[in-house]
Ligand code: NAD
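First, one chain by itself: the form predicted on its own, in structure tokens.
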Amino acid sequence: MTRHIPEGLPDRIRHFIDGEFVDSVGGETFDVLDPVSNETYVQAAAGQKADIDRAVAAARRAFTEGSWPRMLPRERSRVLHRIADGVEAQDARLAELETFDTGLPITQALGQARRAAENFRFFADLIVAQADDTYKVPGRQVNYVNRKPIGVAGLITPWNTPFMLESWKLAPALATGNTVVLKPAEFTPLSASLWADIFREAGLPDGVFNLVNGLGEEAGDALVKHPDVPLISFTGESRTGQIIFGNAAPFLKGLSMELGGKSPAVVFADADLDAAVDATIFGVFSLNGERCTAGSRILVERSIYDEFVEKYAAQAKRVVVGDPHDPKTEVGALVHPEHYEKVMSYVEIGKAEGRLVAGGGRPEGFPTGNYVAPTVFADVPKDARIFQEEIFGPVVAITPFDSDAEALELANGVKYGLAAYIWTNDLKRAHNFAQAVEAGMVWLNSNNVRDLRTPFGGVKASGLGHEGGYRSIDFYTDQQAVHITLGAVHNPTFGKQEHHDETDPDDPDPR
């Protein structure tokens, strides 16, 4: 297989601070690999505390002295629409770089690039249409809510669909008038470096957007602990989220954390079986299985279980694994050899915990690169590690159930609670099950099709807080209540009474 290398790759990846591309203060770098060859293709600046300090100082200066927080919403909206135009104008180039850096199939990377533009358009429109609450007591009082940007937002993003997930945080943070420091994932820094020119050409003032590359333990840690960063939005592993929670606690920072998942897809006997197979295949094998909302546990009612497993396994074997740059590819290469080893270790664990019905290792014809065949385990018990733990790859566990109550127990029987997918044509069951399942988001008879107006977030170990739509506006702004008295002032009067003798019979009882 010929390895595709995009033209015009950078000589090195640098930080972007206060309108300039810069190296690390101390000159530190790290290697960046492409997942098809696992060869180092570029060196990236490795941010340290000094680099974070420099970026935060620029962002803080842009916030306290610059024009961005003081612009009318319509003015900021115009800049955001120009950003969306810039993303759309180079969506093919973005997708090519994203695919090269992440191993995502090119068709899916292109969709993510277009979604990134849509995120900016959505928040550009939302801040112009934003209405805040007013509460009236006729003739006596008016109370209204005044929203204000908070300051420097620290954004820490993951390596799966990195450009799109960066846009998801950048768009609302900037729309509401904050300045930002972005720390992208160290596995995939390539596409993040494109934001600088897109923002500059759109007219974003210097210092409003700052980018520091580097390791989570170094650059990410320094950003979380910086006293001048009042907000942290993080997407990534639950364990990392716990560390961030602890490190942010002494500063009482605002936190939004979208963490791991082990989402159930529950298929009842009355479901449209073909649609359920299609959706659950897509739900775990799209984006190489490297998606937090993957329906990686499929729970199937026993009366259709054997038929479902047979159809599912046969279709999983037909999923096209290939060169990420080939438009026919449905599953590409996993992002990094470290992650590949983790996923393959779970495949081996699964062979002792369930019945392997598809995949189970490296696909034929791919002697190198981080390729994993779409892997399906059936008859997986609820205490199995592959049932309980997030694998974050093209690996799925299928488990039978006999009753609605058992299905709910299985669905809720993990530490995560991000998404759930329910397949049934019984309307009452669908709504009752949806409301009882422990998940931040539920899809009924649907794969993961998200409306940008809805809250995105999880419960239990899957996260803290919500973003999306107005919830993002809430997170990135301070809500100040302003109270105005109309008419006569009603004050209890203290301190105007004349001093009375202690024996004054009219004095209130002092006890």
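Source: prediction; values computed, not measured. Heads up: residue numbers just count along the shown sequence, starting at 1.
From this point on, the text means the form predicted in complex with nicotinamide-adenine-dinucleotide, which you will not see here.
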### Message
Partner absent here, but in the predicted bound form, which of 302-310, 69-77, 238-246, 107-115 has residues with a heavy atom within 4.5 Å of nicotinamide-adenine-dinucleotide?
### Response
238-246
### Interface membership of residue 221, nicotinamide-adenine-dinucleotide in the predicted bound form, 4.5 Å heavy atom rule
yes
### Query
Taking heavy atoms only, is residue 400 within 4.5 angstroms of nicotinamide-adenine-dinucleotide in the predicted bound form?
no
### Query
Applying a 4.5 Å heavy atom distance criterion, does residue 284 contact nicotinamide-adenine-dinucleotide in the predicted bound form?
no
### Query
Looking at the partner-bound form in the predicted bound form, is residue 264 within 4.5 Å of nicotinamide-adenine-dinucleotide by any heavy atom?
no
## Note on the structure
Contact with nicotinamide-adenine-dinucleotide in the predicted bound form, heavy atom within 4.5 Å, among 177, 354, 158, 86 goes to 158
### Query
Considering 322, 207, 260, 369, which brings a non-hydrogen atom within 4.5 Å of nicotinamide-adenine-dinucleotide in the predicted bound form?
260
### Task
Can you tell me which bits of 151-188 touch nicotinamide-adenine-dinucleotide in the predicted bound form, meaning any heavy atom within 4.5 Å?
156, 157, 158, 159, 160, 165, 168, 183, 184, 185, 186
